[in-house]
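Taking the form predicted on its own, here's one chain by itself in structure tokens.
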């Protein structure tokens, strides 16, 4: 499973202060600790800085990739910010995210094509937020069709079925998992991703909810998640889940992580 570290996000006070103050050492600390904990990509969001977003996003890309060989997820709906950061990115970037909203689609697709990016496609059309799996699936199919019409390879498309908090809708997890199953049935070859911690927003014991949801989602076919790799119990649950799903040949990853002290008895 592809793990994307979530912590360099300007919605978080620490990250916002680091990005606003161009704190190089603070940024690299956040990046290094997530990679050491198992992140294969790092999400970078500077949206809370408003007009300073393009410059801050570019600075973050240059700073991280100046010392680390890691691919980044440029987390912005702002074409101007993406256009500023993408030329600085080494290797294939991922853009998070695109929707069926006409302005957003037309603004981001040319950048995806020009720079050969991977793209996260949210099951949103710019009208009301789809509540059911059937509504989300309808949008998903249209999104994939339009992206492929633009010449974007399906290997570069990650669909996000939308994670809402169960704190406001007890069916949020159920509808996500149902959408996930439909995507796997109807759109073979299209990968899936989600922002994991949204499921527990506003609730106590968030880590418990997050790791339980992750187990269910991985079993349902989730390919990638934006999550906190520093949550050791979450990462241990993921390792055990992949073991039980037959994705860990000869239990090698599980045994290695146990020997490294990353798994609880």
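Numbering follows the first chain given and starts at 1. Predicted model only: the values in this text are computed from it and were never measured.
What comes next is about the form predicted in complex with another copy of the chain, which does not appear here.
Colleague: Is there a heavy atom of residue 127 no more than 4.5 Å from a heavy atom of another copy of the chain in the predicted bound form?
Modeller: So residue 127 does not count as contacting another copy of the chain.
Colleague: Quick one: is residue 1 in contact with another copy of the chain in the predicted bound form, heavy atoms, 4.5 Å cut-off?
Modeller: Answer no; every heavy atom of residue 1 is more than 4.5 Å from another copy of the chain in the predicted bound form.
Colleague: Using heavy atoms and a 4.5 Å limit, would one call residue 65 a contact residue for another copy of the chain in the predicted bound form?
Modeller: No.
Colleague: At the 4.5 Å heavy atom threshold, is residue 211 in contact with another copy of the chain in the predicted bound form?
Modeller: Result yes; residue 211 sits at the interface with another copy of the chain in the predicted bound form.
Colleague: Scan 131, 83, 177, 88 and let me know which has any heavy atom within 4.5 Å of another copy of the chain in the predicted bound form.
Modeller: Answer to the contact question: 177.
Colleague: To verify the annotation, which of these, 216, 70, 28, 37, has a non-hydrogen atom within 4.5 Å of another copy of the chain in the predicted bound form?
Modeller: None of the others qualify; the residue that does is 216.
Colleague: To test your reading of this chain, name the stretch in 202-210, 222-230, 55-63, 41-49 whose heavy atoms come within 4.5 Å of another copy of the chain in the predicted bound form.
Modeller: Contact-bearing stretch, as computed: 202-210.
Colleague: Just to make sure I understand: among 160-182, which residues lie within 4.5 Å of another copy of the chain in the predicted bound form, judging by heavy atoms?
Modeller: 166, 167, 170, 171, 173, 174, 177 sit within 4.5 Å of the partner.
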